[in-house]
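Single chain ahead, by itself, as structure tokens, in the form predicted on its own.
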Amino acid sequence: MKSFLLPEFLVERDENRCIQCKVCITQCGFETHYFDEELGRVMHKEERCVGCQRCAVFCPTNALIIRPHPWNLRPHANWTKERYYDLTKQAETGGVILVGSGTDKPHRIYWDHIVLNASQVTNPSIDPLREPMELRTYLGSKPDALEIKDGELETELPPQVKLETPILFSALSFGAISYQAQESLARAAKEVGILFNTGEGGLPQSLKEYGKYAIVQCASGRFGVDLDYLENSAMIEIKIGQGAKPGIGGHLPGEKVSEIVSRTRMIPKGTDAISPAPQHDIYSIEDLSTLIYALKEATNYKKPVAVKIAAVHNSAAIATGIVRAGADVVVLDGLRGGTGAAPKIIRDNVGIPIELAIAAVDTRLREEGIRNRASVIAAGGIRCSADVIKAIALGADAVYIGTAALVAMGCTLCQKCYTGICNWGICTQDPKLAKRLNPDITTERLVNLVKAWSNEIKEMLGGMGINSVESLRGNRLQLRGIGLADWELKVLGIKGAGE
């Protein structure tokens, strides 16, 4: 059937610069470029291009330009180009439109409407280059009070995990990402003193040495979950939902279930890995509590247990139930969270922004007097160090970064992760593509990112006259809103600029 859709991207080749080296052919896993034997030159099929820019980056003579196709319909406010494209595609395929990465819709980004305070005269700023600045934080339940006798701590503390900076690598499962990508995250976490999250795909045996830097996930599919997996970790996370697809399960196509993925996930090679939408042993807070304590019992109460939920309308009420069920950490994943594959219609229309969820949950836990009983991790759309520090001021203890980490490794957000083809070697199990990712290089890039953000956080804390990141947590007096409605300021718990 003839498609009514024009290509998404234009491939412009400067014939005066092109030296027919065929690098573009070898670099494109989507087979956009090919060599025409009859014409004796490299050609391209624009309908295959996904705009990942790999061919343009590696072209030795800069002969390629990849840009969005300028085709347009007659202007129509209701039937936009995107709506026309999606509807026509579904008419041709009869399928659900899948997409990777986070939502690209212009939902309000509250980070950009919040500004930070700075010290002036009465509360002098701090120079982080010359004065101590503490970014270390601990995740886990904290006691109501500490009992000290003869200089010794008498109170038995719940298990904690230590972070040298309030940043973690988000859940990116092996299978969804390549072995090389997960190895890079693990090595970088160890080097900077933070944690990485295995996602729901388990941890390969060859990466067990990084277990004490790993948050291991227990999701609905229970892929890779056994006692050794749970014990060889810093923390356990029960995944109820995620920001990119609240309320639905996951699907790793059988094409991505290679031999090592099948061993790690403990499923047959080449079979689809289906994660049900619900965990079929959890239908109430009481059921959730049973699983929390089962995991604690299995690991001799030595590991904090987190529960991850998508940020939705009643996240605050859900979070209080999670804390009262015995969780040590609540993870909130917002509307802009990334994914390897999600129905586009759900990714773009379900859930709420993480900024509103953080504030609502922190407020509710404080009102109920149980804020100290659990840490809060925020995820979904953290783009820079300013977002990190604003999240902490709103009430988070730390943040997850997923898409930012992938971009640091080379991702160009082409949103085709679900195809299993990734020209940058990140979201693929194709050995020829995956080996393009050099763990030595990508580990260094991830380490550089976390160090750079940490230094910027120190500068911002110093500017506010604060010498510890924990002193900023929930301190919303340090924030002001710009261009926000009264109801938005109320939910965020901050004043407008100038107040």
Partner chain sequence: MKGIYLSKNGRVVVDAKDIYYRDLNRLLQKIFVERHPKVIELRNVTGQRYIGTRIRGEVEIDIFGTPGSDLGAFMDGPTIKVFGNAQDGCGNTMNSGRIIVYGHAGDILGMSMRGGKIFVKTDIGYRGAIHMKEYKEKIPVIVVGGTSQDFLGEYMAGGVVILLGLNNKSHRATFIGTGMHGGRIFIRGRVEDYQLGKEVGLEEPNEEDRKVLEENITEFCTYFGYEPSEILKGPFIKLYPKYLRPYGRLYAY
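Everything numeric here is computed off the predicted structure, so don't read it as measured data. Residue numbers count along the first chain shown, from 1.
Missing here is the form predicted in complex with the partner chain; even so, the following discussion is about that form.
Partner contacts here mean any heavy atom within 4.5 Å of the partner chain in the predicted complex, and among 95-103, 191-199, 386-394, 176-184 they occur only in 95-103. The shortest heavy atom separation between Glu231 and the partner chain in the predicted complex is within 4.5 Å.
Within 4.5 Å of any heavy atom of the partner chain in the predicted complex lies no heavy atom of Leu135.
Using a 4.5 angstroms threshold between heavy atoms, Tyr418 counts as touching the partner chain in the predicted complex. The partner chain in the predicted complex is not approached by His107, whose heavy atoms all lie more than 4.5 angstroms from it. Of the listed positions (Leu116, Val225, Ile370, Val407), a single one reaches within 4.5 angstroms of the partner chain by any non-hydrogen atom in the predicted complex, namely Val225. Note on the partner interface in the predicted complex: the residue among Thr428, Thr403, Ser220, Ser315 having a heavy atom within 4.5 angstroms of the partner chain is Ser220.
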